[in-house]
Ligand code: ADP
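Quick setup: one chain, the form predicted alone, written in structure tokens, and binding and motion questions come after.
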Amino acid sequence: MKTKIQEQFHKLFGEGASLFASPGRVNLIGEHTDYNLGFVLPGAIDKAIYVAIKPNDGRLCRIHSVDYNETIEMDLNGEKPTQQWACYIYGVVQEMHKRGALIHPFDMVFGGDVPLGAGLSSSAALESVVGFALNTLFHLGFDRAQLAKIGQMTEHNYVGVRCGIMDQFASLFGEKGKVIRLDCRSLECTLEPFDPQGCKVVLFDTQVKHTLASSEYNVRRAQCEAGVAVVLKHVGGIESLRDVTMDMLNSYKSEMEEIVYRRCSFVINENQRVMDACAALEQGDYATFGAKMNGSHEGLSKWYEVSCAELDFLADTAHAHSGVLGARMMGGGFGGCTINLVKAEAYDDLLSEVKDKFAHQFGKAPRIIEVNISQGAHQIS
């Protein structure tokens, strides 16, 4: 893909482009904890969005999307583009302008190999690589945390998605052999070792998108907030479920609906699973880490109820296989992927079993996506 981007830039705009990359991400554990101001554990992957860019002497930017095979001209001070993909680039520029940056017109070609629709955050990778490239090219002086915020605000203000900041953080701060423990309240991040020798990380994509996802997401948020409101009547200083312990929740369980209690229990326990999983990584204990992944899926499916038949089938198949250390659904739920930590010697056997059983049950095989934990946003020399 890198070569294709460079060749396309040369063909359209000539010599002299600088090349940048920013990756997609997986989240190893810590789901639905972000908007409750808890902890997540993402890692950058070896699939990225690439940008070739150089300043031009004109009044307009000229931008070509390899994936959409489309070229547009964009006025940095004009109206938002009509193309969805161009809104990400326009939005990053506008968010930088708001922060006092001076950006001159440029030529750009971009494209990537982040699988679309699998929950690997290709949009955050695009925002991150555009921000990182512009920051480098025009010497703007933003740090990586500021670039992550710029990417998040691009989603909010120019794409209409009120996302958290995990995806942008992972894309910008990732390192090979490390995952990122991100505190979603303070935005402090700690790099944790992730180098499971003799194991592979693989995603099984159901290729299912259930329409429940967005409406049920809002319901879950409201249920979490309802639990916090009950505890806050008795305990001062409670801002989110991050501040609530299981002892507190159990003390005031009688004052909340059973379903609210179950939702809040999951989030509190999931936060603890992230911390326990990180402690296991620091000891090189991938068996315990995998067990925490399994516990996460159990909670997401039974307590938070954001799984679906396809995800549960994939997780159950993996859990029953002796070569799998851990498996869970990844993402908001009601479709998407499971993420699996698999012993290398069991990998081929697991893939064969999963494909056959899933196809027999649901009429088609899942998409298989092998990933390696890799480097965050960077310039390619």
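In case it trips you up, residue 1 is the first one in the sequence shown, and so on. Just so it is clear, the structure is predicted and the values come from calculations on it, not from any experiment.
The form predicted in complex with the named molecule is left out here; the points below concern that form.
Undergrad: Can any non-hydrogen atom of Ala222 be found within 4.5 angstroms of the named molecule in the predicted complex?
TA: It does not: once the named molecule is placed as it appears in the predicted complex, Ala222 has no heavy atom within 4.5 Å of it.
Undergrad: With a 4.5 Å heavy atom cut-off, would you call Phe289 a contact of the named molecule in the predicted complex?
TA: Taking the distances in the predicted complex, the answer for Phe289 is no, it never comes within 4.5 Å of the named molecule.
Undergrad: Would you classify Leu102 as touching the named molecule in the predicted complex, given a 4.5 Å non-hydrogen atom cut-off?
TA: So Leu102 does not count as contacting the named molecule.
Undergrad: Can you tell me whether Phe132 touches the named molecule? I mean in the predicted complex, with a 4.5 angstroms heavy atom cut-off.
TA: No, Phe132 is distant from the partner.
Undergrad: Only one of 177 to 185, 106 to 114, 240 to 248, 295 to 303 has heavy atoms within 4.5 Å of the named molecule in the predicted complex; I'd like to know which.
TA: Every other range fails; the passing one is 106 to 114.
Undergrad: Only one of Gly91, Pro196, Pro81, Gly119 gets a heavy atom within 4.5 Å of the named molecule in the predicted complex. Which one?
TA: The residue in contact is Gly119.
Undergrad: Only counting heavy atoms and a 4.5 Å limit, does any residue of 273 to 300 reach the named molecule in the predicted complex, and if so which ones?
TA: Residues within 4.5 Å: none in this stretch.
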